[in-house]
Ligand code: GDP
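Quick heads-up: it's one chain on its own, the form predicted alone, in structure tokens.
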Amino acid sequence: MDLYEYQGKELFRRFGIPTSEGRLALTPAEARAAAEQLGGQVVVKAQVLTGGRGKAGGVKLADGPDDAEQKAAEILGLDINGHLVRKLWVESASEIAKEYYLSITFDRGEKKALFMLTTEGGIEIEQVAEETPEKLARLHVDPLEGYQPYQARRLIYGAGIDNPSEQKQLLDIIGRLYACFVGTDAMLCEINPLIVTPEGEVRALDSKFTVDDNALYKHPDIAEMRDPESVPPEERAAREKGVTYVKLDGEVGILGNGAGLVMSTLDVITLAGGRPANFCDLGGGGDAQGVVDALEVIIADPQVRSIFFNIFGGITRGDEVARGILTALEQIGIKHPIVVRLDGTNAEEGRELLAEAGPDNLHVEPTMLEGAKRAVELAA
């Protein structure tokens, strides 16, 4: 689950990481009030779960309350990479002497937390790694050993930061960032830029924060930070129904049982010359109501032109899935062409059920590739 900047900064502050003072605003009037409370120059920042907001006009400097209100009116409603701006973070403007980059993420290859620190702050980390890799210090933390202060010192020296005051502050911030990362079950905690003010104070000017969805049951306060409006309506409906669903950009709706099978189905649809409209995993059970719920989510996407069921009956019984398909057709009157590939447990019984019902828009294919090709043809 990705968090907005203001939410990430709230978590940073809980763990003692210094940030600039700010206020959340939902309207230009609230932005004005925030600027009055903060005093002086403020920065009005769009709150969106995507990058590039500065280039898109989503970050503006304001000289006072009147200006903040005007800048807020300009930013609210902006479309930034497909994300509509509905919230603003109004923050005290900061004098910047230096910009660093600091992050900790989970390195799946090494199965360890990975720190990254560079003096090239304010730049995308991928660009730094490509153009000036010698300026990027990396350090893994062994989970059995845990974080140790010497690791932060090695990281700081590796990045070439030699100012004693900055080193001391960074040592503290790095330790607190690791505590924040572990304490919130995060997958990414990124500060870009981590600024140094002309007075020598080091603090987080931005926050990029991703929490592991699977750990949210341990953090109900963080779970409440989820913004349902930040995801496509199909994904919101799927979450309410308990369906595992991710919206994509194609025309062929996908429904399978098991994440691995669904991922393979996406590839086969692409191989057949089509584009998947979604990732939708029925899970291990696949009862009739589950199929109905998944179908309702899939057909709500106006881009979907055909639906491909790819079912392998291991735990899931083919006849039960077939009943679910027929029940769904009766309950919600699906007009889309549907291609079904059933294999495994009770697959023959399932195919017989579908053949007996015989709706005109239902097509049964014997293999995954043949089913994919038929679904792509019907979506054309």
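Residue numbers here begin at 1 and follow the sequence given. On a predicted model such as this, the values are computed, not experimentally measured, just so you know.
Not pictured, yet referred to below: the form predicted in complex with the named molecule.
Proximity of G290 to the named molecule in the model of the complex: non-hydrogen atoms within 4.5 Å are absent; the residue sits far from the partner. Shown alone here, E166 lies farther than 4.5 Å from the named molecule in the model of the complex, counting heavy atoms only. A residue is said to contact a partner when one of its heavy atoms sits within 4.5 Å of a partner heavy atom; E251 fails this definition for the named molecule in the model of the complex, lying far away. In the model of the complex, the named molecule lies within 4.5 Å of some heavy atom of E99.
Stretch-level contact check against the named molecule in the model of the complex with heavy atoms at 4.5 Å: of 103 to 111, 202 to 210, 240 to 248, 295 to 303, the positive one is 202 to 210.
Of the candidates I125, L188, A215, A93, A93 is the one whose heavy atoms come within 4.5 Å of the named molecule in the model of the complex; the others do not. The candidate site formed by K45, G51 and N192 is fully in contact with the named molecule in the model of the complex, as each residue has a non-hydrogen atom within 4.5 angstroms of it.
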